[in-house]
Structures are given as structure tokens and as C-alpha cells.
Ligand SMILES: Nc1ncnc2c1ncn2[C@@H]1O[C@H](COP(=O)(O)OP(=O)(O)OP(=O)(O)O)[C@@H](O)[C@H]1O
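Single chain ahead, by itself, as C-alpha cells, in the form predicted on its own.
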Amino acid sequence: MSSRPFAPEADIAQYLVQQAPYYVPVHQEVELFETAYANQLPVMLKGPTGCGKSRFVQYMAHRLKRPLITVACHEDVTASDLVGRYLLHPLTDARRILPIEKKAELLEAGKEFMLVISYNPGYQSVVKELKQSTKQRFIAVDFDYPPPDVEARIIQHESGVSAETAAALVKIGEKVRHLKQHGLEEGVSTRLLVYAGALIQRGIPPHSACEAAIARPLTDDLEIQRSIRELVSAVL
């Protein structure tokens, strides 16, 4: 196979993150990511839905002044859907190449290229779970819902609600997440709490906002929806 540098023909400037996304570091995720970038290491972000993984990548792309190209995957996406018959594994080790069999070429990743994957370990089925051979090609950064004070700051900043309302939404979020022990598949994400705050800020009554942004998106189970409404009423 012949080889050449991996340099897309399109102007990559369009993929630059122009404005710094609002992100509040929680642990050492920024330092870990920067060190991985400097050492050309691929990174895997692990955590529940809506806990800030995508926002973090945007934040780091802006911080490092690098273009960000994302591919949204779901449980029905296969490797062939993503890259045809190309192989990803050589991109995740010291070779940093992308073989293109049909063209008999090897694309060489530039020194500033970084591969980042993000997934929710509890969401994938056994069939779709990442293989150990894949996991062990990345360093991993664990994400979870932010601490209450940080989550309240995020909700207040992103939705515009008062500090009091943001704190109330955080309490609702904490109580709803405990329902995962009683049949709820996913805990409420920070993203949904921000949505609830945005609705409240724009004049929707709090109970209706929480119904639309929390109870209905999380579950179709009428009993669990009722439990969520009771939690909302207890807090508000």
C-alpha cells in the first residue's frame, strides 16, 4: 500500500469551535485530556447520558484550538456504516494510520490528530458492548452527574433560572436518579434539568415544565411517571 498524510481537502476551519462552551471541570479531566493530546493517546469518555461528555469535548477542542469533527452513533450503527471497510484499530495505537483497502492507501494521522470516543457503559446491549480489545486501546476518563453545587451552577447558567430554582431542579434530579433502583432505566440527565429550567424561565409552570422535560422523556411507564410527579411536588 502507498501512504500519504491524512489531510482532508475541505477547509477544516469550519470545524473550529468559535466560542468557548460553558464547562465546569469536576476532577482532573482537563489535565488528563491535555496530557493525552500532547502524547498522541486516544481517549475514551465513559459516563451516563447527558452528563457533559460532548460538552467537554467541545470545550477541549476550543481550549486546544483544534477543529472538532463528530460522528453521532447509535445502537444500530456498525463499523462499516462509519468507515466502510476501513479499519479503525491502527488509528488507536502507535501506527496512527487508517488503511483504505479499496484504494490501496494508508492515511497517516497528523501529529495534532486525536481520536476520542464517548459511550454510556450501562446503555449498550451485550451484543453492542465495546470489546476488551477495543477498550484497551484507549485511556479512559470517567464522567458522572456533576456534584450538586456544580450542577446547580450549570443549570442556572444554561437556562437563566434563579439560583433557588436551579437548586430545586438539582434536588429533583437527585431524587429521580434514585428511581433507577425501582425500574427506571436511565437517571435524569443534567441536560434534561437544563431543559426544565429553560421552560420555567420562559413562563411554563414548574410542574408542567418538569412533566415535559423530565417525566415524559425518561419513561413511558405510567407508574414511574406518577412517582416522578410526586417527587417534583415534594420539592416544589
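Note that this is a predicted model, so its numbers are computed, not measured. All residue numbers refer to positions in the sequence shown, first residue = 1.
From this point on, the text means the form predicted together with the named molecule, which you will not see here.
*Asks:* Counting only non-hydrogen atoms, choose the one of 183 to 191, 203 to 211, 30 to 38, 61 to 69 that falls within 4.5 Å of the named molecule in the predicted bound form.
*Replies:* Of the options given, it is 183 to 191.
*Asks:* Answer with yes or no whether residue 51 is in contact with the named molecule in the predicted bound form, where contact means some heavy atom within 4.5 Å.
*Replies:* Residue 51: contacts the named molecule in the predicted bound form.
*Asks:* Looking at the partner-bound form in the predicted bound form, is residue 24 within 4.5 Å of the named molecule by any heavy atom?
*Replies:* Taking the distances in the predicted bound form, the answer for residue 24 is yes, it comes within 4.5 Å of the named molecule.
*Asks:* Answer for residue 105 alone: is it within 4.5 Å of the named molecule in the predicted bound form, judged on heavy atom distances?
*Replies:* Output for residue 105 is no: heavy atoms all beyond 4.5 Å of the named molecule.
*Asks:* Decide whether residue 114 counts as a contact residue for the named molecule in the predicted bound form under a heavy atom distance cut-off of 4.5 Å.
*Replies:* Output for residue 114 is no: heavy atoms all beyond 4.5 Å of the named molecule.
*Asks:* Taking 164, 168 and 173 together, does each of them reach the named molecule in the predicted bound form with some heavy atom inside 4.5 Å?
*Replies:* No residue of the spot touches the named molecule in the predicted bound form.
*Asks:* Let me know which residues along 146 to 181 have a heavy atom within 4.5 Å of the named molecule in the predicted bound form, or say none if there are none.
*Replies:* Heavy-atom contacts to the named molecule in the predicted bound form: 146, 154, 158.
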